[in-house]
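Before any questions on how it binds or moves, here is one chain, the form predicted alone, in structure tokens.
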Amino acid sequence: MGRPCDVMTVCLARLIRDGETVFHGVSSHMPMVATLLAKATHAPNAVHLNIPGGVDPHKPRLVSYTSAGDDLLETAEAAFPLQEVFDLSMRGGLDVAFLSGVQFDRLGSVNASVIGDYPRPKVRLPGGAGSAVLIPTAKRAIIWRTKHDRRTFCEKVDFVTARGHVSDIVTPLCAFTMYGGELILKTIHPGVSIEEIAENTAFPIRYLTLEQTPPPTDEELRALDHIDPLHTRNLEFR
């Protein structure tokens, strides 16, 4: 069946297509591992961009707990600074941006700014940073979030940090995809019921077909353990 972190990482990796240009930022251990996994399996020609500015870093095995370390640049094929990533995205050249947030609604709105009223919030969050640029401009913004509850997947976000090209959201329970302008259920992870997803989602669950997420294969699990022996993909669950 696989641990939730393995199922999520494999699910993210499978969303990457061969030849696509893919970017992840800071605190993005799971997308970093997913990108390396995709390149090691079904998408060897994907182009891996990251926040230190490296292009296709030679990292067959992760030996640190950071997703923004100098080795992503020092071992890279070439340098591509962060400001160029934004420019590439605005010119329509960035295929995938891995991003996250704190609240999401059925329209694919992302809140990473405040909980509560903006002038007097209960919690002030880090803000959108690059999300405000990349979600509207990347061809696909793929969201991951290791918490799935009604406060996270709410009827209406408290503040719209960004909205645009969110294509998929992967959680410990399921994978959503955008269809007809709203998020619908794409697959249910192994061991999870649709009732559990509905109980933990504030907006109505809609789907075209009710399918299970294919569990990680033995090949994918072996590749994961080789690429990520420190299990950095599990950090957000600890």
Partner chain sequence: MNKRCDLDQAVRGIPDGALLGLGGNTLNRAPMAAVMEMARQKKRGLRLVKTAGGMDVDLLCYAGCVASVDAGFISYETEYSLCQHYRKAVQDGRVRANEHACYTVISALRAASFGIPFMPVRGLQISDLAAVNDYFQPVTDPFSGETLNAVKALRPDVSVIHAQLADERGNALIEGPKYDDVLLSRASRTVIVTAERIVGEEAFAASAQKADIPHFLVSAVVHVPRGASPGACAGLYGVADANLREFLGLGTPEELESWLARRVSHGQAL
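Residue numbers count along the first chain shown, from 1. Model, not experiment: these values are computed from the prediction.
Not pictured, yet referred to below: the form predicted in complex with its partner chain.
Its partner chain in the model of the complex is not approached by Val96, whose heavy atoms all lie more than 4.5 angstroms from it. Mapping the unseen interface onto this chain, His29 counts among the residues with a heavy atom inside 4.5 Å of its partner chain in the model of the complex. Shown alone here, Arg206 lies farther than 4.5 Å from its partner chain in the model of the complex, counting heavy atoms only.
Using a 4.5 Å cutoff between non-hydrogen atoms, Gln103 does not count as a contact of its partner chain in the model of the complex.
The three marked residues, Ala43, Ile142 and Thr213, fail to reach its partner chain in the model of the complex, with no heavy atom of any inside 4.5 Å. Stretch 44 to 52 is the answer when you ask which of 198 to 206, 44 to 52, 182 to 190, 169 to 177 has residues with heavy atoms within 4.5 Å of its partner chain in the model of the complex. In the model of the complex, Leu235, Glu236 are the residues of 219 to 238 with at least one heavy atom within 4.5 Å of its partner chain, listed from first to last.
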